[in-house]
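Take a look at this single chain, the form predicted on its own, given in structure tokens.
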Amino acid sequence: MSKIGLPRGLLYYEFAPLWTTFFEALGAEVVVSPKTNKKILDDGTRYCVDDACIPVKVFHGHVLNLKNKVDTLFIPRIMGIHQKEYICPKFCGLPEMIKYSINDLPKMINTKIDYTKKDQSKRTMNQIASYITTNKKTIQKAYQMANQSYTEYKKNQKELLISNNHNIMIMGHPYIIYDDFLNMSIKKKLKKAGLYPVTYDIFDESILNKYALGYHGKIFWLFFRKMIGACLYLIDHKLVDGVIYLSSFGCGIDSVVAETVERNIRRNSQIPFMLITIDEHSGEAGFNTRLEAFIDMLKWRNKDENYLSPYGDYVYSR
């Protein structure tokens, strides 16, 4: 049985059920690298180019972890996810980054995937499946099972936001907000403090799309539509007590998206906002200090200020 390696990084957190189900239905054994840890981060940092962001460095570490455990690595060349939205160029060149950074790799499935072109999805899946089998019936069944698994996965992410909870929205790319090592277990820490962490994935796509239309500007980047849609929805419904944006140092997309989200929240609501930027040098002590200060501010504000800002009017130009 062929062993297919899935590095637990980047868009693994978005498409893991799709890819895992597809390969298993084809008859392959799927081997997923373990959750991110210090060794994976250190190894990835050592082998990756210096100017890459921490999620890309971590991905290199996950590849190194799988290197001698599998027959084939699945590192697709992802070109796009949604119509008229651009993806980080590093996703397009990821197979080459890995190939020229790490020696003696096993065979790699680096098929080009463009989810914006629905008419090409079956052909793309056939190309990927050809590394394992050429049986058309098996491939068709695997394709259907994978789509069903992915649909169920996205459906199960939906939650009901309860207004009397102390909800804290965590924003950022999925490979940060779902990687507990990179985000330093922020969800557990918020829950321990009596707060309820949520992400934009709990909202129906239709809600995010509807509110994203209220943004007066062009939406270029992947996940920006979801984040700005969630931001405007939260402002309208006042369902959260605070927003924490987790950004990766050196991410050009985050430099635009985080600033846009913060500007909209500060100008149009009284929702407290905090931006935390992380890289491979970020220490947990400093992270905890900022998080604890934010939590204390929320509790003090709710108790003593009746949700009124102590800072007066918005100080930036409108």
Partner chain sequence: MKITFPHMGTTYIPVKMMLDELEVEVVLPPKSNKKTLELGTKYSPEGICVPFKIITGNIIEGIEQGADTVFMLTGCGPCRFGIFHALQNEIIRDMGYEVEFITADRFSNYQGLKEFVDQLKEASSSNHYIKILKTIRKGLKLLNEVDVLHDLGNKIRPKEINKGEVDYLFSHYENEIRKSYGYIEMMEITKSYQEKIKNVSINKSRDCLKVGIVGEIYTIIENYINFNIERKLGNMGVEVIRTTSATEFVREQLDFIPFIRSEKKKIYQAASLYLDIPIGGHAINTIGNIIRGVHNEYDGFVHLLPFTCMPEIVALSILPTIEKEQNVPIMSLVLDEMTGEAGYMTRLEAFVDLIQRRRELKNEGKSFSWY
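Small disclaimer: the values here were computed from a predicted structure and weren't measured. Numbering follows the first chain given and starts at 1.
Although not depicted, the form predicted in complex with the partner chain is the subject of the following passage.
For the options Ile170, Leu73, Cys88, Leu234, the one in contact with the partner chain in the predicted bound form, meaning a heavy atom within 4.5 Å, is Cys88.
The three marked residues, Asp42, Asn65 and Ile278, fail to reach the partner chain in the predicted bound form, with no heavy atom of any inside 4.5 Å.
Though the partner is left out of this view, Ser255 does reach within 4.5 Å of the partner chain in the predicted bound form, counting heavy atoms only. The closest heavy atom approach of Ile177 to the partner chain in the predicted bound form falls outside 4.5 Å. At least one heavy atom of Ser101 is located within 4.5 Å of the partner chain in the predicted bound form.
Within this chain, Trp221 lines the site of the partner chain in the predicted bound form, having a heavy atom no more than 4.5 Å away. In plain terms, the part of the chain that comes close to the partner chain in the predicted bound form, with a heavy atom within 4.5 Å, is 221-229 out of 145-153, 234-242, 221-229, 185-193. Residues from 90-113 that approach the partner chain in the predicted bound form with a non-hydrogen atom closer than or equal to 4.5 Å are Lys90, Cys92, Gly93, Glu96, Met97, Tyr100, Ser101, Lys112, in the order they occur in the chain.
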